[in-house]
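For reference, the chain that follows is the form predicted on its own, supplied as structure tokens.
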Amino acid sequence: MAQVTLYHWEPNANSGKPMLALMEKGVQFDSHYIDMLNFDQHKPEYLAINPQGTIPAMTHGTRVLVESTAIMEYVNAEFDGPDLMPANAQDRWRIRWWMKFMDQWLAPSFSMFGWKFFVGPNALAAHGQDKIEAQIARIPLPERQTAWRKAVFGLFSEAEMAESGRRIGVGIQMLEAELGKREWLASDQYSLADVNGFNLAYAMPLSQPHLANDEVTPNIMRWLRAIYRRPATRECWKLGRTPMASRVEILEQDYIPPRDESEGISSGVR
């Protein structure tokens, strides 16, 4: 079998999706950690793999694959192991619907909050504004320079933050309702929709404690804990190197009460 190498950051959001899919399938791979806060993704050696400088990327022999959700589908189709896409056509449609919803609706909003209150401040604390400005100037794509400058320095308007907060609230309500219909998100079996969703939602009890807790969203909490208990999830999160990875440990609590909105991500809870 051709060797697999995954270029990734933390087991979180985009990087975590193919990491967890590979581990669920039992695929051996070389883990190549890309320190996003040190701008490793814009260094020549990584740009030789993925010229757009986005994370994650995966190589399988001579093949180079990018875009996290597409990589997950490739992993599931290409390798032996448990099938993470069921045979039922309606279930497959539902899985793809939820993955698209999470990628296009929830992920950008979670990302905005994450950059504003966690990733950006940590990058500034670690490297300082001058070094970060110099790193951004070396990004090869102008539109990526703009996106990084906005993200690192938290240049989001009040209207943008408010809309992201609204979208997160709507998304959480939708997830709670859907998970009241079945054990897993989009099918009666564990699937790529669950892998995708967990990587976005695992820290909600910390970041949105007023919206995600055992009283308001019992179905979500049951679902998150079930995925957290899976051996593949535990192995995946061991690859984390920053405090971000430790946030998953909140799911070890048997009961998480509702908290005030001020106790969430904007108040420094990580």
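Take the two forms, find the largest set of C-alpha atoms that superpose within 1.5 Å, and that set is the rigid core. For every residue, the number given is its place in the sequence shown, counted from 1. Only a predicted model underlies this, so the values are computations on that prediction, with no experimental measurement involved.
The next section is about a form of this same protein that is not shown, the form predicted together with a small molecule.
For the candidate spot formed by 36, 68 and 115, every residue has a non-hydrogen atom within 4.5 angstroms of the small molecule in the model of the complex.
Among 217, 208, 41, 233, the residue placing a heavy atom within 4.5 Å of the small molecule in the model of the complex is 41. In terms of contact with the small molecule in the model of the complex, the residue from 244, 55, 239, 226 that brings a heavy atom within 4.5 Å is 55. Though the partner is left out of this view, residue 79 does not reach within 4.5 Å of the small molecule in the model of the complex, counting heavy atoms only.
Taking the partner from the other structure, the small molecule in the model of the complex has no heavy atom within 4.5 Å of any heavy atom of residue 167.
Using a 4.5 angstroms limit between non-hydrogen atoms, residue 94 is distant from the small molecule in the model of the complex. By the criterion of a heavy atom within 4.5 Å, residue 184 is excluded from the residues contacting the small molecule in the model of the complex. Remark: of stretches 23 to 31, 217 to 225, 60 to 68, 199 to 207, the one touching the small molecule in the model of the complex is 60 to 68 (heavy atom within 4.5 Å).
With the core held fixed between the shown form and the other one, residue 81 has its Cα displaced by under 2 Å. With the core held fixed, the Cα of residue 140 is displaced between the shown form and the other one by 2 Å or more.
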